[in-house]
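Shown here is one chain on its own, the form predicted alone, set out as structure tokens.
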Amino acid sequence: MNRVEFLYLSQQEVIECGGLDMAKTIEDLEEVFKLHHKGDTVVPAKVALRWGDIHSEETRGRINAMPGHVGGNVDVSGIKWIASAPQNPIKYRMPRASALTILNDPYQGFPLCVMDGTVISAMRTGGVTGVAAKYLAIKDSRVVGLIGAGTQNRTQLMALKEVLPHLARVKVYDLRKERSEAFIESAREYVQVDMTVADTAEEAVTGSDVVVSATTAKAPIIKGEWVKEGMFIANVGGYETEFDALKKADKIVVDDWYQVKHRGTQTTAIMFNQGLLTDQDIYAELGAVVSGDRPGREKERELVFFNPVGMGIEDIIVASRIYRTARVKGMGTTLKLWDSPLWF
């Protein structure tokens, strides 16, 4: 038989197949970072489709294509096609990001599954910070400062709660106070800790053990004089951290340094392009830390800066788990590509 079929999973079906399981997402990501460190992944450079220069992404938005292959026992290829429209929440009361994830058989090339990638993308982005915090934050971290009150920091908080057992207080800062208030109200459903609105970014940062910035800011938010010894800072968005803050770091860790430099939008990449940071200034990629080839946090007073840019392999490994679960559960809609190919 020459018929080719593939599975389609809606967002709700992705959720029902474990899309919101942060513990499993973190397990997936630890595995993919180990595989990436071993060289058992393929990660082509991210392609950004935008309508203008790099700064147009902050207003008009972009669509990113993020292909990859995950080896090991996963052994699947795929791509995430994700749009980001910063005006959506304000103008249309719709999510900023929307995505499709496609999985392919890496031998015949045929599609295995097309699924909503929006939930997966958000979960794996938070999960990457969770993996990093597990190895790089102070073990008994209690106070988290979140800059940005969007979907990204929702999953950042979910992941931090998973890996920081002593988490007791969260401060949330957003340019719009009502967004911070709504964020806290929603977050109370899944994180039972003391949460307060920070009136300024400085208030969110000062006194925090862990700081996460996930915004579409056009200029740095985290200032050098606010950061302290022992802090773990995750720069999840773009140019969110002042150079002076980064210069204080004892360790700079990235998910993939080549990809960070290629993207060129985050503080580390901007400093590199200006000759203010060298390849030798990067302590490690996260896979080396997760694999045990480089120590994570070694001293409580270390200031550790983490810069993830995101890779398609992170989405692919999570999507692979979702796909396998859907097959076991008999969920999803089978779609036909062809009964018999027109040409071969």
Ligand SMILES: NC(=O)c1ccc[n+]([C@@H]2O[C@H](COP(=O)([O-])OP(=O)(O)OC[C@H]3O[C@@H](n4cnc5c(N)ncnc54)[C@H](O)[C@@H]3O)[C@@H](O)[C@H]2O)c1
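In this text, all values refer to a predicted model and were calculated from it rather than measured experimentally. Sequential numbering from 1, following the sequence displayed.
Keep in mind that the form predicted together with the named molecule is not shown, yet the notes after this line are about it.
Within 4.5 Å of the named molecule in the model of the complex, a heavy atom is found for every one of Ile147, Gln152 and Asp174. Using a 4.5 Å cutoff between non-hydrogen atoms, Lys34 does not count as a contact of the named molecule in the model of the complex. Not displayed here, the named molecule is approached by Pro89 to within 4.5 Å at the level of heavy atoms in the model of the complex. Residue contact check for Ala217: one or more of its heavy atoms lie within 4.5 Å of the named molecule in the model of the complex. When the named molecule is considered in the model of the complex, Lys248 lies well away from it, no heavy atom lying within 4.5 Å. Of the residues given (His69, Arg62, Arg294, Arg297), Arg62 alone sits with a heavy atom within 4.5 Å of the named molecule in the model of the complex. In terms of contact with the named molecule in the model of the complex, the residue from Val236, Ala137, Ala269, Val170 that brings a heavy atom within 4.5 Å is Val236. Contact with the named molecule in the model of the complex, judged as any non-hydrogen atom within 4.5 angstroms, is confined among 161 to 169, 104 to 112, 69 to 77, 122 to 130 to 122 to 130.
The partner is not shown here, but in the model of the complex the stretch 305 to 327 reaches within 4.5 angstroms of the named molecule through a heavy atom at Pro308, Val309, Gly310.
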